[in-house]
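Heads up, the chain below is alone and in the form predicted alone; it's given as structure tokens.
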């Protein structure tokens, strides 16, 4: 929607909505925005710092009406896309999503392909970052076994637990496990036949037993010895395994008595990355 079209609608802008952060709560914000002819700033949780009037929007049956309307007039793909948008860490995602819905009612289902539009472009990039991060975590989660269950902590940028759920529930279907999202204070809990995502304010990994510590040391030893020191490429390693994931990876932990990875590489004669030259590799 162009600025002129928005101006023509004479929308009130000096107002903010608060909602509970759920998809249904956001849809109720959309209902109010259309019904009251407003273009609000929308906050999940507390909007105390906002200067304008703030209205609390409750989740109720209005969500179903908006959902049916979007499905009928824009398409089911838009509903799926909006669900993903709400899981991203885009700072003003709710306002962008509301703007996208207004455009969708005018342009139809094709609005999602209008990548030249700043709103569509920003949301598409945010959703790509979300799904990419969720995919990365299917390989970067390290479990700790304690009391017959598996536990792990992650620190994602986006709310990725619901996207990780199908992968880990299929892979460890017969196991009991918990993955704690330290950023958003949520936990994915799975027991055979039961799975759910629950709010959890605080969680610490249980103390590792003797057998668990032995397996962790074996994993670190495998990680250290599998590398060919002469072909070490730090830049490529950080491209494939970004540093922000390292805090949750067993292979980068250095418990008392263990040999740090950097010390092990130095002992093996690995050279600093800037001095390495691999045959056939282009210079940086």
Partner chain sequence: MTIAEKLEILTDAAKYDVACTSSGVDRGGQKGKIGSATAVGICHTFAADGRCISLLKVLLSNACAYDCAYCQNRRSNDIRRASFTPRELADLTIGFYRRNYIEGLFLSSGVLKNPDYTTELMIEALRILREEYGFLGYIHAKAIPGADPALTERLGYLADRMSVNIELPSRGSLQLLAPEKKADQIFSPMEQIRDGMEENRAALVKYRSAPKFVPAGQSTQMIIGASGETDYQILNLSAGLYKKYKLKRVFFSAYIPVVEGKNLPSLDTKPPLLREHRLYQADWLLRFYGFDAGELLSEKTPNFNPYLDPKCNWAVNHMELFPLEINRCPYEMLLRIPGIGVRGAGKIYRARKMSALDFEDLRRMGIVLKRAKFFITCKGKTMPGVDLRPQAVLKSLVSGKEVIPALAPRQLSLFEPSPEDLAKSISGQL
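These numbers come from a predicted model, not from an experiment. Numbering follows the first chain given and starts at 1.
Note that the form predicted together with its partner chain isn't included here; everything after this is about it.
Partner contact for residue 241 in the predicted complex: its partner chain, 4.5 angstroms, heavy atom: Residue 241: contacts its partner chain in the predicted complex.
Exercise: residue 101 in contact with its partner chain in the predicted complex, heavy atom 4.5 Å: Heavy-atom contact with its partner chain at 4.5 Å: absent for residue 101.
4.5 angstroms heavy atom contact with its partner chain in the predicted complex for residue 55: No, residue 55 sits far enough from its partner chain in the predicted complex that none of its heavy atoms falls within 4.5 Å.
Distance check, residue 222 to its partner chain in the predicted complex, heavy atom within 4.5 Å: Looking in the predicted complex, residue contacts with its partner chain include residue 222, since a heavy atom lies within 4.5 Å.
The unique member of 199, 110, 196, 91 whose heavy atoms fall within 4.5 Å of its partner chain in the predicted complex: Partner contact (heavy atom, 4.5 Å) among the options: 110.
Sole residue of 72, 80, 204, 211 within 4.5 Å of its partner chain in the predicted complex, by heavy atom: Filtering the options by heavy-atom distance leaves 211.
In the predicted complex, segment of 155 to 163, 83 to 91, 181 to 189, 137 to 145 with a heavy atom within 4.5 Å of its partner chain: Selected stretch: 137 to 145.
Contacts with its partner chain in the predicted complex, stretch 141 to 176 (heavy atom within 4.5 Å): In sequence order, 141, 142, 143, 145, 148, 150, 167, 168, 170, 171, 172, 173, 174, 175 come within 4.5 Å of the partner.
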